[in-house]
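Below you will find one chain, with nothing else, as structure tokens; this is the form predicted alone, and questions on how it binds or moves follow later.
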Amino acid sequence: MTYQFEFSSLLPYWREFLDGVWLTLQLSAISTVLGFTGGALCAIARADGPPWLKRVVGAYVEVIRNTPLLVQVFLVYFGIAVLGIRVDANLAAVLALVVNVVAYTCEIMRAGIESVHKAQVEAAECLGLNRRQTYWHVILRPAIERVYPALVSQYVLLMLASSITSQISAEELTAVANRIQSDTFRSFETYIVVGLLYLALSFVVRWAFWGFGMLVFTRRRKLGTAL
């Protein structure tokens, strides 16, 4: 039996594919910003917080990193419903992705923070920098630069993992593909197209992060050299 590819039946759905791509990028962008912020705060808590806070954050990180994302998505989505709060599936998807990526970002950032030599912190204190200034100029910024490639990889994985939110009817790319293949009965062709779209998105997201990194870290090095 010879399979006959027929991609032409998917052409009428090109707008729906683009809508799925756009929502995937939106979910990823919002989750990345919130996840990085929350992860950085958790990393600071684990590295320099009181013992009780370190234990709480550590327990949260271990629970999230050792349970499937799909289960976390279901817990967030149905947990909110149990509390009597009605939320859009897309909002629940963002919350679930943020809960997940904060834990991974925390560990990546903690590694970056711990890589900063204590002598640099002591030098900052000798120069009269307060705790906030020391953390921002001496600890966090160099730490972010050191772990930036790992963060980029994590956020690209986040973008790909957003496909799991199709299970709660978030209308991202995979959910759109599921609906299209049920309409056209061309499952193989549909998921080939979706796979290529995700591949393209991965390159676009990596390129965007690369450009952002070059802009921020190159300028920082130039400023440091000038000083």
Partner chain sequence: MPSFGLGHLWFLLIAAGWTIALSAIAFLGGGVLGFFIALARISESRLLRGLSGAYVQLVQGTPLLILLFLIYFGLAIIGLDQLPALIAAGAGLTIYSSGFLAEIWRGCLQSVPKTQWEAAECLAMTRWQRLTRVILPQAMRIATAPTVGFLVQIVKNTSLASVVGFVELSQAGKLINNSTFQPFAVFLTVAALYFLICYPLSAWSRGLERRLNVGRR
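Numbering follows the first chain given and starts at 1. Quick caveat, the model's predicted, so the values are computed rather than measured.
Omitted from view is the form predicted in complex with the partner chain, to which the following refers.
Contact check for 75, 164 and 194: all three have a heavy atom within 4.5 Å of the partner chain in the predicted complex. The partner chain is not shown here, and in the predicted complex it never comes within 4.5 Å of any heavy atom of residue 51. Mapping the unseen interface onto this chain, residue 149 falls outside it, with no heavy atom inside 4.5 Å of the partner chain in the predicted complex.
Not displayed here, the partner chain is kept clear of residue 207 by more than 4.5 Å at the level of heavy atoms in the predicted complex.
Among heavy atoms of residue 174, some come within 4.5 Å of the partner chain in the predicted complex. For the stretch 35-71, the set of residues having any non-hydrogen atom within 4.5 angstroms of the partner chain in the predicted complex comprises 62, 63, 65, 66, 67, 68, 70, 71, in sequence order.
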